[in-house]
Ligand code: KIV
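The form predicted alone is given below as one chain in C-alpha cells.
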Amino acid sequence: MSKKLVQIFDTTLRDGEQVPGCKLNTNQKLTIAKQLDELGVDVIEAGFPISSPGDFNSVEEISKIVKNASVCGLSRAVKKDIEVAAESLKHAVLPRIHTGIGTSDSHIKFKFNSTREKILEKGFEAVKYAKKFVNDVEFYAEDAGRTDNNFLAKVCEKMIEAGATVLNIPDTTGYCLPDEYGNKIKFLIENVKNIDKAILSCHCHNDLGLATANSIAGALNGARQIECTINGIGERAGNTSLEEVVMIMKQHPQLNLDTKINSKLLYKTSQMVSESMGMPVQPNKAIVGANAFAHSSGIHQDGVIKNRETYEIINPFDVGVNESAIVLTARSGRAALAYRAKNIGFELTKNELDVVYAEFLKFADLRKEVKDEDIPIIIKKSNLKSTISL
C-alpha cells in the first residue's frame, strides 16, 4: 500500500518570525527560503504582506527565487489585505493567498462584536475575492480548536463553495488534546459536503506542549497538510516543530504517512534558522538539539557503543548529524572512557582501565564534562606502570 502524502507548510518566516527579538531582514529571509525549498517543503508562508513595506518586499523577493514550493502570503478577510498579498505574489510560480477570520464564539463576540452569520459571509466574500487573483486559496478558521464543530463544518462547507482549496483548522491557543483535535478533523471529513475538493490543514500551537501530538492526530484522521516551523519557533510557546512531525512519520511506517522532506538537511536548516534569528535551540530539543544524540549515562553509553539502536531510534545521519556523542561525565562508565581514550590513541587494557577509571571519577566530580584533552592528564595522574606513551 502506498503511503499517503502529507504536505509540509512551513511558516517559519511568518508565524515563526513573530517571536519577539527574532526579526529577520530580507536577505536573511531569502537565504532561509532557499534552504526551505531545498529541504523539500511544499509551501513557504513568506510573510504578511500588508503588515509592513519590509514584509511586502520580502514576500515579493522570495516569490522570485523559490523554484519548487508554493509561496504563500497571509491576509485578513479584508479586500485591501488580499489585493496587497496578490501583488506581492505576482512573481511566484505557485502563489497561494492565505486568508481567514476567527470562528470561535469567543472571537466572534469579543474580537469582532459580530454574529456567526456575518462571520460566515465575511469569510465567503474573502475567499471568493482571493480567487480572482490566484487559483490556490487557503482559508484559516482562527481558533478552530475552540469552535463548535457543527458551526465549523458550516464554515468549511461555505469556504469550499467560495473556492477554497485548503481549509486550515488552527488550534490557535494550543488548548486541544490530541484525541479532541483528531476527532475534530474526523468530524469535518465526515460531515462537510464536498470535503474531497479541499485539503484539511493542521496548524497547532504548543501552549500545553501538544502541538506535535495534535498535528499527528489530525493527519491520522484525514488532514493532509501540517503547518509548522523549524525548531518549533513561534509566538508564546511556539508552533508545531517541522523536524518532529517529519521524523515521526519517517520512523513510524505503520502510520502510512509520508512527506517529501529531505531529512538529511534538517540539522543544517535548524542551525541556519537558529543563527539567523539569534534564538538558540534548547540542548534537549528533539531531533536537532545538541543533546539529541548525546549520551552521558554509563548504562546508555555502554549500550550505544555495543549497538547504536539500543538507545537511539533515529540514526543521526538521517537528520544530518555526523555521529552520536559519547559525553564523559561523573555518570559515565568504563566503556565510555575506554572508547574515548581509544579515539585519541590510548589502548587501555582491562587492568589499566580500572586504574585510570578511578582517577577519572575524581577528575570528573570536579567538572561538568571531561574533554579529550583531559584524558592524557588523567592517565598521567594514574601513574600506570605501562608502555603507554604520553
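Note that the structure is predicted; figures quoted are calculated from it, not measured. The first residue of the sequence shown is number 1, and the count goes up from there.
Not on display, but discussed next: the form predicted in complex with 3-methyl-2-oxobutanoic acid.
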Open item on the list: Only one of 192 to 200, 170 to 178, 308 to 316, 245 to 253 has heavy atoms within 4.5 Å of 3-methyl-2-oxobutanoic acid in the predicted complex; I'd like to know which.
Closed with: 170 to 178
Task: in the predicted complex, residue 17 touching 3-methyl-2-oxobutanoic acid (heavy atom, 4.5 Å) - done: no
- [ ] Would you please decide whether residue 74 lies within 4.5 angstroms of 3-methyl-2-oxobutanoic acid in the predicted complex, comparing each non-hydrogen atom pair?
- [x] yes
Task: 4.5 Å heavy atom contact, residue 96 and 3-methyl-2-oxobutanoic acid in the predicted complex - done: no
- [ ] Using the partner position in the predicted complex, report whether residue 207 sits within 4.5 Å of 3-methyl-2-oxobutanoic acid, counting heavy atoms only.
- [x] no
- [ ] Heavy atom within 4.5 Å of 3-methyl-2-oxobutanoic acid in the predicted complex: which of 136, 142, 83, 302 fits that? Just give me the one.
- [x] 142
TODO: For the heavy atom contacts within 4.5 Å of 3-methyl-2-oxobutanoic acid in the predicted complex, list the residues of 284 to 302 involved, in sequence order.
DONE: none
